[in-house]
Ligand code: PAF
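Take a look at this one chain, the form predicted alone, written out in structure tokens.
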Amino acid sequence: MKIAIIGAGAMGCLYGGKLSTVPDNQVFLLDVWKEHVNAINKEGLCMEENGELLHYHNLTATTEAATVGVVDLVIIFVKSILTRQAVEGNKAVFGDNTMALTLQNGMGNVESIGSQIGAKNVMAGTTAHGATMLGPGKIRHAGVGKTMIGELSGVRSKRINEIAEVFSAAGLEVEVSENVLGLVWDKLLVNVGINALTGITKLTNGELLAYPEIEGILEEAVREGVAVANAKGIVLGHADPVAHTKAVCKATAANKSSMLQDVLNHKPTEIDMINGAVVREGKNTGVATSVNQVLCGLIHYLERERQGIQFDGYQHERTLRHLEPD
């Protein structure tokens, strides 16, 4: 299968590296970070996994979609706030029958992709893997989990089964679901509980559970999300989403969430597509979401703090020392 991955960050590289081990696959990583692209093409992708350094050479990285051409499958891994722009800028890899699979965090990705290529070939899914970018061409596989994928219609189609077979051949545990919207909400609730809190506290996923006061906030944030999902008629896949979120914390204990990495690297976060999505849908359904609203406000403050935003005519440049990377 000819596969293009849009967004060669930690997660994109993780899946690209694994999928490149299947003999019949051609894997292309599309990204705008030229230093990263050059490092992969020169030395291969380096992945730290279970204390070992693994090198993947059977894949190609590029900044130009036109050099790749039309592929069979596109996996989108860019941040949710960049989805529409990324798909629009890489349309050269999409053909009439190209399957587009989003494994991104947050809500709204399906709609953004469909607005650019049409909805008929868009599929969705979630991943419980954790990964961290270490530098150009280097990542750490920080947590292992299942990949869940499905058609938006809920149909167990031939093409979704083909994707599952390719993932399985690459050593990725995968399951096809007939409730993809429930999947997306299941993953959203995990991110609602973990991402903002790690970004605010600088704790790893597992460390969140070491502090009862932080664990309590995690619980309340997820419960609000569950109440919103219930009000929308979403069928969730876990009987106890709070317990599931904690289980993910433990399974990816050493992982620095993508939002924490963004805060540390002074980058915009996906807060509006995660906790912000709960707040927006809460307003639409009449469900109170005060905890998620506070978490959104704190992350927005940190984003502005690190970017030196103007307040009352003065440049606010104070550095939050406790948020500097170790």
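Throughout, we count residues from 1 along the sequence that is shown. Everything numeric here is computed off the predicted structure, so don't read it as measured data.
What comes next is about the form predicted in complex with ligand PAF, which does not appear here.
Note which of Asn90, Ser177, Thr147, Asn105 lies within 4.5 Å of ligand PAF in the predicted complex, where distance is taken over heavy atoms; exactly one does.
-> Spelling it out, the residue with a heavy atom inside the cut-off is Asn105.
Select from the listed residues His141, Lys79, Lys187, Lys246 the one whose heavy atoms reach within 4.5 Å of ligand PAF in the predicted complex.
-> The residue in contact is Lys187.
Heavy atoms, 4.5 Å, ligand PAF in the predicted complex: which of 215-223, 109-117, 165-173, 191-199 makes the cut? Say which one.
-> Contact-bearing stretch, as computed: 191-199.
Considering only heavy atoms, tell me if Thr252 and ligand PAF come within 4.5 Å of each other in the predicted complex.
-> Thr252: yes, in contact with ligand PAF in the predicted complex.
is_contact(Ser257, ligand PAF) in the predicted complex, heavy atom dist at most 4.5 Å | Contact with ligand PAF, yes.
Does at least one non-hydrogen atom of Asn205 fall within 4.5 angstroms of ligand PAF in the predicted complex?
-> Yes, Asn205 is a contact residue.
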